[in-house]
Ligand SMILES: NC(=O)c1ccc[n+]([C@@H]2O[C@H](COP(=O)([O-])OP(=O)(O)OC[C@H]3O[C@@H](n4cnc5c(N)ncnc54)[C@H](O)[C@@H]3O)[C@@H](O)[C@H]2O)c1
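The form predicted alone is given below as one chain in C-alpha cells.
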C-alpha cells in the first residue's frame, strides 16, 4: 500500500534532535563507509553562472540501516539582495530502499547544521588531545553554534574563543558558550584565537587563507569546515605539510575541500593524506597517537551524513506528527 508523503519545514525540524545522538549516528555512518557498506556517488553540480548560482546533488544510502536519501543544495549569492531569499537553500528527499517511494521532503538546513557539527565532533573525538580544554572558532555564522555543541559533547571544554569579521556575531556565539557554563570570549583577531586554543574550527567561506602557519602550535587539532567549492581556502597550505591530514573523502576534498587549492597548484597530493575519517571510525587506522602531532580534518560533507541524520529527524516527526502529509505523488 502506498504511503503518504510527509513534508517538513524548517520550523518543524528545529530542535528535533540531540547532538549527542547525532554524534553517535555520524560515527556509525563513517564506520559503515569505512567498511564499504554504503553507496555514495560523487556530488554532481549544475551551474547557473548568469544567476551566480550552483546546484549540488548528493545521493547516498546506508545498506545496514535500510536508509537512502538525496540532498539538493542551491547556493545563489544574489538571493538576499534580489529575491529576499537565503543564499543557501537545501532540500532533502528520503527514499524507501524497499519500494523506492519518496517518504519525506524536508528543509535541509537543520539537518545540514547538525550533521556538519557532528562530523567535526567525531573528528575531534578521534584526533584531538584528550586534555584539550580550549576551543577556538573562526566564523560565527549559522554553523558556529552546531560546532560548539558538537565539540563540547566530546571534550571537557573550559573556554571558547570566537572571531568573526562581524564582531556582533562573535560576541553572540561567545555569549552562547557562557550560557552553557563555559568561559566564552570574543576575540578581535583570528591570530588571538589560533594561538590560544587546543582545538580550532574554521567555518568561513573564505577564498583567502585566514589561519597563518606561524600561529599553529604542536598538538593542535584543526577542523576545516568552511571550504565547500573549488577556490575556497581558510588556512595556509604550509600547515598541511606539518600536520597529519585526515579527509572525509579524498575525491570530494581534493576538488572542493580545504586541500583543493594546494592540490590544484601541485603543492599537495594524496600521499600527504594520512587517512579518510571513515577508516579511523571503522578501526582500520589509528587516530591520534601522541600529544605533539598537529592534526587537520578536512570535511566537505558526505551524503551518508545527511541520510542518517535526516532519517532520525523523520522518525521523530512521524512519532510527534510534525509537519503535514500529502497523498503519494504517483497516484
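Positions refer to the first chain, counted from 1. In this text, all values refer to a predicted model and were calculated from it rather than measured experimentally.
Not on display, but discussed next: the form predicted together with the named molecule.
With the partner omitted from this view, the residue of 231, 219, 97, 141 that lies near the named molecule in the predicted complex is 141 [heavy atom within 4.5 Å]. With the partner omitted from this view, the residue of 121, 136, 108, 226 that lies near the named molecule in the predicted complex is 226 [heavy atom within 4.5 Å].
Although the named molecule is omitted here, in the predicted complex all of 116, 163 and 166 have a heavy atom within 4.5 Å of it.
Interface membership of residue 204, defined by any non-hydrogen atom within 4.5 Å of the named molecule in the predicted complex, is confirmed. The closest heavy atom approach of residue 89 to the named molecule in the predicted complex falls outside 4.5 Å.
Under a 4.5 angstroms non-hydrogen atom cutoff, the named molecule in the predicted complex has residue 301 among its neighbouring residues. Shown alone here, residue 112 lies within 4.5 Å of the named molecule in the predicted complex, counting heavy atoms only. This chain is displayed without the named molecule, yet in the predicted complex the stretch 292-300 from 262-270, 45-53, 292-300, 25-33 comes within 4.5 Å of it by heavy atoms.
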